[in-house]
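Shown here is one chain on its own, the form predicted alone, set out as structure tokens.
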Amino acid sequence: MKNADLIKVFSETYDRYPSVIVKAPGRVNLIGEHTDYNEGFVLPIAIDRYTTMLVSGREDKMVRLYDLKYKESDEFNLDSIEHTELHRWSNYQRGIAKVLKVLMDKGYKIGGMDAMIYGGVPEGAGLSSSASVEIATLLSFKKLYEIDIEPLEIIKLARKAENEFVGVECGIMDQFASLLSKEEYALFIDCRTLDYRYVRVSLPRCAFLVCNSMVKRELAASAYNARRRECKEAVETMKKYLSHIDSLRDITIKDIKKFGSYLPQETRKRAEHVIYENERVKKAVEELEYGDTEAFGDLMNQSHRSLKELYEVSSEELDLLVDTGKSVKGVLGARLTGAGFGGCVLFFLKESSIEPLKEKILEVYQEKTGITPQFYKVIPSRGAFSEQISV
């Protein structure tokens, strides 16, 4: 929807005009899956799909919400924020408001707001719609109440909201990418130090195509949290032999080859994925900067194989999409992106192969699953931003 249309709906809903518009993108992780919460390395891009929020401040503590996708309203008071099962989509706004109490305790005067949400990031697809909502909500409060807060603090607060209020033990990558990405670049992030740098990914005659399997997964109810626990168990066991380690990030390939036999087989597989994936991310940065598209694509293929066989977060549908895609000439790499268990596959391919790939997938995937997938050609895009509205 155009901004003018959104403003019209807002004014009809609240009988007033919005003062600020905020946009926060979803993201696709090029490589580095399940490494972020293990203090490792990731390489995401923001995509040209945004959560848009139109907001106006209030003189009281009420937060009134209207979600265009669900066509539902909800509200809560900043002095009494509780989790809701009735309008679960609003738990992201509630969670952000809850963590902002830290700033209110420091003397910031934060009031309520009227907000309208327009979600342009597909949900349940592994494109981080939740992080885009969290960042958009936090920037809305920041803009309305002139909160002096640094980007890294915004990222940490958004993650805290999802971990502690929504109940998903995500790492920090999604919020990071939604806020700090920029056009034509990926973010190479060290999830321990939070150091980051930009890596150009605008490669001649190449593109990124996301294919949504249309198999949704509820992340909080999935095996995601179980994988986190397995990684922690691996670290605790390995500490007996490598006393200096704090996370899987600290374990080298040489270490896992030497001491991995002391881990239960399943736990060892989880650890091996993370350790080798961290190396793939660092190698991917080198290949992108060198411009070696085939080498980068091969690293993506290796990543998917590891996610399937070692981390065991793929699915029959995701594997079918990957295998079908790899049979099409000009497809350089394919891997699941996001937590897995459903969601999307990311293809790195020649521009000229986009239509042949779509046709092949539609033919094979529909025949074998009865599901019609969706496609999104994505480009590395800018991170979240806000603008004043003049009406």
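Only a predicted model underlies this, so the values are computations on that prediction, with no experimental measurement involved. All residue numbers are counted from 1 along the displayed sequence.
Omitted from view is the form predicted together with a small molecule, to which the following refers.
Of the candidates Gly333, Pro44, Gly338, Gly40, Gly338 is the one whose heavy atoms come within 4.5 Å of the small molecule in the predicted complex; the others do not.
Residue in contact with the small molecule in the predicted complex (any heavy atom within 4.5 Å), chosen from Phe208, Tyr118, Phe76, Tyr224: Tyr224.
The small molecule in the predicted complex comes within 4.5 Å of no heavy atom belonging to Leu180. Heavy atoms of Pro122 never reach within 4.5 Å of the small molecule in the predicted complex, leaving it off the interface. Among heavy atoms of Asp67, none comes within 4.5 Å of the small molecule in the predicted complex.
The shortest heavy atom separation between Gly343 and the small molecule in the predicted complex exceeds 4.5 Å.
Residues with any non-hydrogen atom within 4.5 angstroms of the small molecule in the predicted complex fall in just one of 96 to 104, 141 to 149, 172 to 180, 256 to 264: 172 to 180.
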